[in-house]
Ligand code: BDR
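Take a look at this one chain, the form predicted on its own, written out in structure tokens.
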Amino acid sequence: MALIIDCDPGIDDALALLLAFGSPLEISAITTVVGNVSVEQATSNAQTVLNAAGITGVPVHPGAGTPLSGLVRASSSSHGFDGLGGRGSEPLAIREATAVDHLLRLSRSKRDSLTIAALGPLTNIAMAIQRDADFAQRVDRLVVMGGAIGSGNVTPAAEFNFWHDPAAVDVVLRAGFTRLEIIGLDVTGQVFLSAEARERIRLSSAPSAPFVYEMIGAYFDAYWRSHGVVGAEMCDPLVIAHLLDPEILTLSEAYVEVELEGQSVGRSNVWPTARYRDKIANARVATGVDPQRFFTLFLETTFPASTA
């Protein structure tokens, strides 16, 4: 399996990248997109995470700088001014967006063996579909972090990634991916990194541990200010964990659509096909999670205990 991670780092994106780097996954490339931060900052942040983990040889391809609609929506405030809680570098000066070109190229060379983990808005994926209608059929598996069966997190109706570019979500949902899996707030809200787990990271022997410990502090502060809870939601790492251990999540067949306008723009409407039998499933949606199994995998893979 060849893996492309399409992301908008973002603290939880950074944690997902580190989990992937510590695992046996074959990471072919990272592609970046506007979302939590600008695409210039996201590209710089991806490189910062690679450096913190001591990873070389994984290319980073900058992607879309605006959503399909051209409407530049607000970035997330949960990740600090630079997306990495003040640990990021200056945004890169990007001459050319190459993410879509790379997605199309790899989908041809790795036909039927390419997995894409989409951790941010779906703009790059939608643009690849618009450029080449056969793209979706060449991709073996698309795993998306986004949407919600219940409440949103940026509005009462919508989750951030879907809200940021609902037109792109609509293109993706209609494209006919053979294996489309959607991991939304209903399960990510059940995997909260605790203060104890953060301390475990500080004590780890992983090269990235000092960087991550400080970065997560900003994430904890944001969740305390916005929700009054100690901890941080592990949205994007759950996607990578699912690729590594399919027993972590329970998924159900569903027909999923997205609201494109109005007060509920970005809302994902999920129709379980076991109940709504007139609907034809276009995705499998996460409905349950084993938090303990997730955190055991995340910590043991990414931040092994120090032997000192």
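What you see is a predicted model; the values in this text were computed from it and never measured. In case it trips you up, residue 1 is the first one in the sequence shown, and so on.
Only in words, not in the display: the form predicted together with the ligand, which the text now covers.
- Residue contact with the ligand in the predicted complex: residue 92 places no heavy atom within 4.5 Å of it.
- Within 4.5 Å of any heavy atom of the ligand in the predicted complex lies no heavy atom of residue 216.
- Interface membership of residue 161, defined by any non-hydrogen atom within 4.5 Å of the ligand in the predicted complex, is confirmed.
- At a distance threshold of 4.5 angstroms between non-hydrogen atoms, residue 185 is in contact with the ligand in the predicted complex.
- Note on contacts: among 117, 212, 139, 235, the single residue with a heavy atom within 4.5 Å of the ligand in the predicted complex is 235.
- For the options 168, 145, 84, 103, the residue carrying a heavy atom within 4.5 angstroms of the ligand in the predicted complex is 145.
- Only one listed stretch (204-212, 174-182, 151-159, 92-100) carries heavy atoms within 4.5 Å of the ligand in the predicted complex, and that stretch is 151-159.
- Contacts between stretch 8-45 and the ligand, counted in the predicted complex as any heavy atom lying within 4.5 Å, involve 8, 12, 13, 36, listed in sequence order.
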